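Before any questions on how it binds or moves, here is one chain, the form predicted on its own, in structure tokens.
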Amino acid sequence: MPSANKVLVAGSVNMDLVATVSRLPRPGETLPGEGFALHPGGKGANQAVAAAKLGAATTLVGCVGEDAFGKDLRAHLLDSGVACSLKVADLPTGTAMILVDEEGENSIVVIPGANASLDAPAIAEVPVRAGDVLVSQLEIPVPAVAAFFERGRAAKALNLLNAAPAIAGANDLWPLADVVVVNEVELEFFAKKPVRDRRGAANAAIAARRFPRQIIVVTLGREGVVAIDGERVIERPARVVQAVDTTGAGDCFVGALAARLCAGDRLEEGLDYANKAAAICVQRPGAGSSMPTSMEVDVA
């Protein structure tokens, strides 16, 4: 039977303005673009869509503006099976300016807009129960994330922090998280240690851990995934695919991991499943629109 628990996401909702280029430009350089498209995005929205499409009952708490982007994003979330608790703010809906090169690598600038309005009262409107998985990131105000995770702790839910993007002031959130997911750049920022390979990632993850039972998951792109769980170091290789657009791959991984932990999977099972989901995601353009369904992951 499906799990009665829910994935609850507090996070950003953005419209992605995506330009494709032959390569990422150097500082001061102008390059001709090869294409342009609008895609639904925002780390919070992407992770919620990923979890919902993979079968988890999912609710997103966030903020949008009273504009066309906000209306389109709400429709996208509902069409993807996400229950929405979206506050309408007096600011424009958040946007992200994204460049994607021929190898699928990207460069991103995020303009928070309405996401900066998400606060503790909005967080408090969503019920939290024991066994739920709470997911948040750092594209919304840190106090809102703290309020969200404090509610999770009080309810004996599982708190999953995707500590991205790496920002000053987020250190106080780490002790509130049962699971932290970071990439190598974010891990270097928080651990103050270099990450050059899987061993370096494991050492830095151990240094960054705030309490012995805290799980740290490090996504390393083509190098796979390393996780620290107690005394165990878990390594998973990346699946070899032809990447079209890596935008949203990390969000897909987080959403998939949250969905499987919510369903009662062991960490190793969740990592394997999230790896498969992210490998499908990178073979498609866009972020929110590239999230796979559970059927696609099951046959991958």
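Here the structure is a predicted model, which is why all the values come from computation and not from measurement. Residues carry their position along the shown sequence, with the first being 1.
The same protein has a further form, the form predicted together with a small molecule, not shown here; the description that follows concerns it.
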Would T58 show up as a contact with the small molecule in the predicted complex if we use heavy atoms at 4.5 Å? no
Can you work out whether I108 and the small molecule are in contact in the predicted complex, taking contact to mean some heavy atom pair no more than 4.5 Å apart? yes
Should A96 be counted as a contact of the small molecule in the predicted complex, where contact means heavy atoms within 4.5 Å? yes
At 4.5 Å between heavy atoms, is R260 in contact with the small molecule in the predicted complex? no
Where, among 66 to 74, 48 to 56, 243 to 251, 266 to 274, do residues come within 4.5 Å of the small molecule in the predicted complex by heavy atom distance? 243 to 251
